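This document starts with one chain, in the form predicted alone, laid out as structure tokens.
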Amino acid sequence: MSLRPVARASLSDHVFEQLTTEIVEGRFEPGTALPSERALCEALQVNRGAVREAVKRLAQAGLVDSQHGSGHHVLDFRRSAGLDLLPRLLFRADGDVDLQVVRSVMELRSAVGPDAAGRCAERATAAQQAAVTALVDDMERVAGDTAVLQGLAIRFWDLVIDGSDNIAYRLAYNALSEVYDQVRPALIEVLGDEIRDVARCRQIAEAIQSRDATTAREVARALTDRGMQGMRDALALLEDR
């Protein structure tokens, strides 16, 4: 059975989710004021405490600016929010995937991945080096199974990010992973050429083992370029349709 526990969301969670959706989909434009607490309570049928907690979270997320005595004003999230908003932007209001967001995620991945590999070669501990090498061993043993390789490839990059010892890369990777997980089945063939390129993963692992940051970056760039090309081809096909 594939049943999962039912999440118990508080009233403030529901209010936060609805208001966030209104903001990111443009129904509350930047610079406009949120409705008053009383109006929100009446519209959402919740108590004032739930509204206040939700608005506080909106401010923390960079979606509204809260000034004492002047209310809460909507911010342009493109200039004020962080990467944690990225997964929410993946699907449009009609339920379709936003192709521009997918493209943006892939471009960020292609920018971060190669440098993270180089930093990993420079900074990884002996244990981290060994973990990357062992992971590639596992990839070689299942080289004909793209579905299994996809999961191992995700783990490969997770280890590389850890070895880079870069907290900004780690947080960015977390956000990218959350987006990736939402469309993971659809990406198995789109990124198939990259996923199946175990030989380059081996080269990266060897470069990390030998502290060769230049080679690690170059090979990682060539590897992620394969995925980026697959994504370009897929996006072009979808846009034509």
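We number the residues from 1 along the sequence you see. As the structure is a computational prediction, the values presented were derived from the model and not from experiment.
Below, we refer to the form predicted together with a further copy of the same chain, which is not included among the displayed structures.
So which stretch, 26-34, 182-190, 54-62, 199-207, is the one near a further copy of the same chain in the model of the complex (non-hydrogen atoms, 4.5 Å)? This holds for exactly one stretch, 54-62.
Heavy atoms within 4.5 Å of a further copy of the same chain in the model of the complex: does Asp84 have any? Answer yes; at least one heavy atom of Asp84 falls within 4.5 Å of a further copy of the same chain in the model of the complex.
Flag Thr125 as yes or no: does it have a non-hydrogen atom within 4.5 angstroms of any non-hydrogen atom of a further copy of the same chain in the model of the complex? Residue-level check for Thr125: no, no contact with a further copy of the same chain.
Check Asp145 for me: does it contact a further copy of the same chain in the model of the complex (non-hydrogen atoms, 4.5 angstroms)? Contact check for Asp145: no, nothing within 4.5 Å of a further copy of the same chain in the model of the complex.
Answer with yes or no whether Ser10 is in contact with a further copy of the same chain in the model of the complex, where contact means some heavy atom within 4.5 Å. Close contact exists here: in the model of the complex, Ser10 approaches a further copy of the same chain to within 4.5 Å, heavy atoms only.
Though a further copy of the same chain is not shown, can you say which of Arg141, Arg103, His73, Arg92 has a heavy atom within 4.5 Å of it in the model of the complex? Spelling it out, the residue with a heavy atom inside the cut-off is Arg103.
Establish, in the model of the complex, whether Ala39, Glu42 and Val46 all lie within 4.5 Å of a further copy of the same chain, using non-hydrogen atoms for the distance. Heavy-atom distance to a further copy of the same chain in the model of the complex: none of the three under 4.5 Å.
Using a 4.5 Å heavy atom cutoff, which residues in 174-195 contact a further copy of the same chain in the model of the complex? It's fine if the answer is none. Counting only heavy atoms within 4.5 Å of a further copy of the same chain in the model of the complex, the single contacting residue of 174-195 is Asn174.
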